[in-house]
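In the block that follows, a single chain appears as structure tokens, in the form predicted alone.
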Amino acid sequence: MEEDEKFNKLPGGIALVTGASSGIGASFARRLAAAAAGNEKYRGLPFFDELWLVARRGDRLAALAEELQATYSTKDDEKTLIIRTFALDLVAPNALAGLADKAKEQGKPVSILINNAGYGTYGPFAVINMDRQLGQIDLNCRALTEACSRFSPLLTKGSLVINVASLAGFAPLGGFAVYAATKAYVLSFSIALAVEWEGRGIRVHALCPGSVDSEFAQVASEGVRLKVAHGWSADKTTAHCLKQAGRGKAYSIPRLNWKLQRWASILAGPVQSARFANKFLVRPYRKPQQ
């Protein structure tokens, strides 16, 4: 509690978004910058005056930071949002340790931590490259868990943590096995952490979207599928998430049809859900060369 009281007395705060170079992560960055400028309002959103954007692609981050500064900064220094970019591979040794050290050096609490970085792989488990499968576990699970641990001392009463899970986290999915398993971990971990950190006054929220219009499908299929059909807007997804997180909800599923799919998977049970996905929800993937 002494650490929490110390940070409560300090001015400002840091909002940190991983996987911020595109898709949901970039949309979160835009929403937060708009909120800092007073252009958008979300109940319960903690104050911050620095926005930290983290991803592997430094050029994308720089372009996004320039866009946000041009759109939301003002000539009044007190209202100018400080935006910092960090081109990092979060599974590289000491990447998160170094980032946490930089945050501590600022002498400000981490007001908002959004763990969005992650990816998936389409295709049968035995066919898809093993390194890509294991990489999902490293980024989707280990790096997210490490981020929560390393930034925990910098979180204070009122801080908000958002972990991006998935609708896939509610049921096993044949042909999408490792990804669904990693997101089941994120969902379970986030809800447990939400309960544990209630006493610290820290809110933890798991975002569980279905198909979103982003680069996810292109990465998951290794370029075979450019985007999912009828993918929902990343901006609508993040706006809904921030509203639900601000209300203290432990998790959110932004669309009605996604909520219906979740209940259908519960009624069907895990085995039938996996079988249904394996037979009827076949996703295109790059087949290995013989």
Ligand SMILES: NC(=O)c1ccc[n+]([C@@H]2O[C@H](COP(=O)([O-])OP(=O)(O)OC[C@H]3O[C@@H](n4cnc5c(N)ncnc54)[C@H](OP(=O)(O)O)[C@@H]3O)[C@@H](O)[C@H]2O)c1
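Treat the numbers as computed from the prediction; the structure is a model and nothing was measured. Throughout, we count residues from 1 along the sequence that is shown.
From this point on, the text means the form predicted together with this ligand, which you will not see here.
Q: Does at least one non-hydrogen atom of residue 55 fall within 4.5 angstroms of this ligand in the predicted bound form?
A: Looking in the predicted bound form, residue contacts with this ligand include residue 55, since a heavy atom lies within 4.5 Å.
Q: Taking the shortest heavy atom distance, is residue 24 within 4.5 Å of this ligand in the predicted bound form?
A: Flag for residue 24 set to yes.
Q: With a cut-off of 4.5 Å between heavy atoms, is residue 214 one of the residues that contacts this ligand in the predicted bound form?
A: Because a heavy atom of residue 214 falls inside 4.5 Å of this ligand in the predicted bound form, the answer is yes.
Q: Closest heavy atom of residue 113 to this ligand in the predicted bound form, within 4.5 Å or not?
A: Answer no; every heavy atom of residue 113 is more than 4.5 Å from this ligand in the predicted bound form.
Q: Since exactly one of 117, 160, 173, 206 fits, which has a heavy atom within 4.5 Å of this ligand in the predicted bound form?
A: Spelling it out, the residue with a heavy atom inside the cut-off is 117.
Q: If the cut-off is 4.5 angstroms on heavy atoms, which of these, 194, 177, 103, 88, is the one near this ligand in the predicted bound form?
A: Answer to the contact question: 88.
Q: Within 4.5 Å of this ligand in the predicted bound form: all of 139, 210 and 219, by heavy atom?
A: All of them do, each having a heavy atom within 4.5 Å of the partner.
Q: Counting only non-hydrogen atoms, which stretch in 150-158, 105-113, 177-185, 194-202 is within 4.5 Å of this ligand in the predicted bound form?
A: Only one stretch passes the 4.5 Å heavy-atom test: 177-185.
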